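Have a look below at one chain only, the form predicted alone, in structure tokens format.
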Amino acid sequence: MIDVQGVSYRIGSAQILRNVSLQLRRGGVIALAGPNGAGKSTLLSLVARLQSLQSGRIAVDDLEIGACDDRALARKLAILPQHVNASSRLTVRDLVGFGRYPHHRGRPDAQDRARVEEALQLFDLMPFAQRHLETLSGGQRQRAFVAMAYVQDTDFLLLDEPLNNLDLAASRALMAQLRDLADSKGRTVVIVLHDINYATAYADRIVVMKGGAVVADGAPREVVTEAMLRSVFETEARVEIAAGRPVVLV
């Protein structure tokens, strides 16, 4: 479980997070939603130790952020930030292989190589394994980055806006794959999403943030209402139920 207790964070005079307390239990897909500047990405980066905790406490199972060993944390959770710095001349196989570093520390063995090949198969990347990143489409590149995070073999997979710059087909395919990872592989996927309809279609739980605070938390049908859209996103939109899940009509 990821346990967030009383976390606040500021940059200069800007208060980014305000006394956030949240428990993210194992299993399923958890979507973080909210308008720009709500604090979603900052919260994710604090959990992953990409930024230093200023106040409050975060623990991942028995590991306390700020006190635990980085290598131990890397075996518990993997994160794919919004922007990944990777050489465009890397091959897909090499990129995915970087995800195994917390395990082999620069000395990959047969098991590490086998896990990379499994990830290439799982994410339909085998036809592109020897291609350089610069030759891939946006959807193919994003699948490769997610595969790199997946092959780290962690219980928690944190993804910050992985649908950015993806078209409809690529977005649907990636979300379906993440849903399958949660269902068939037992991974817990925590994902920042801007499109609320992707959250309602694929997530088990939606955590809505605004102004650095959690303002709604629960199953999609409980959380995504016309009243919430007015209050959080400041927009008038109709919500209807399709296949048991809410759909925001635009």
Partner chain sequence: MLRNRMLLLVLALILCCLGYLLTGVRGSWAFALEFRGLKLAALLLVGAAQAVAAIMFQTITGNRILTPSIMGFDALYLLILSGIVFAFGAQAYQQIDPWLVVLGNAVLLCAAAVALFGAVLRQGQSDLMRMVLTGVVLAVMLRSITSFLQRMIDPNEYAAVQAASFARFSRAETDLLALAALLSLVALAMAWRLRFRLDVLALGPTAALSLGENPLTGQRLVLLLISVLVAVSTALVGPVAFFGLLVTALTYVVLPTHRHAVLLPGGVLMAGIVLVGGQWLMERVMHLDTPLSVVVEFLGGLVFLLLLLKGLKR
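Worth saying up front: this structure is predicted, and the values here are computed from it rather than measured. Just so we're on the same page, rigid core means the largest C-alpha set that superposes within 1.5 Å between forms. Numbering follows the first chain given and starts at 1.
Omitted here: the form predicted in complex with the partner chain. The next part is about that form.
- Looking at residue 173, you'd find every heavy atom of it more than 4.5 angstroms from the partner chain in the predicted bound form.
- Interface membership of residue 142, defined by any non-hydrogen atom within 4.5 Å of the partner chain in the predicted bound form, is ruled out.
- In the predicted bound form, the partner chain lies farther than 4.5 Å from every heavy atom of residue 194.
- Proximity of residue 222 to the partner chain in the predicted bound form: non-hydrogen atoms within 4.5 Å are absent; the residue sits far from the partner.
- Contact here is defined as any heavy atom lying within 4.5 Å of the partner chain in the predicted bound form, and by that definition not a single one of 16, 23 and 34 is a contact residue.
- The stretch among 173-181, 160-168, 117-125, 90-98 whose residues place heavy atoms within 4.5 Å of the partner chain in the predicted bound form is 90-98.
- Along 139-153, a non-hydrogen atom within 4.5 Å of the partner chain in the predicted bound form is carried by 148, 152, in order along the sequence.
- Remark: with the core as the superposition reference, the CA shift of residue 134 between this form and the one not shown reaches 2 Å or more.
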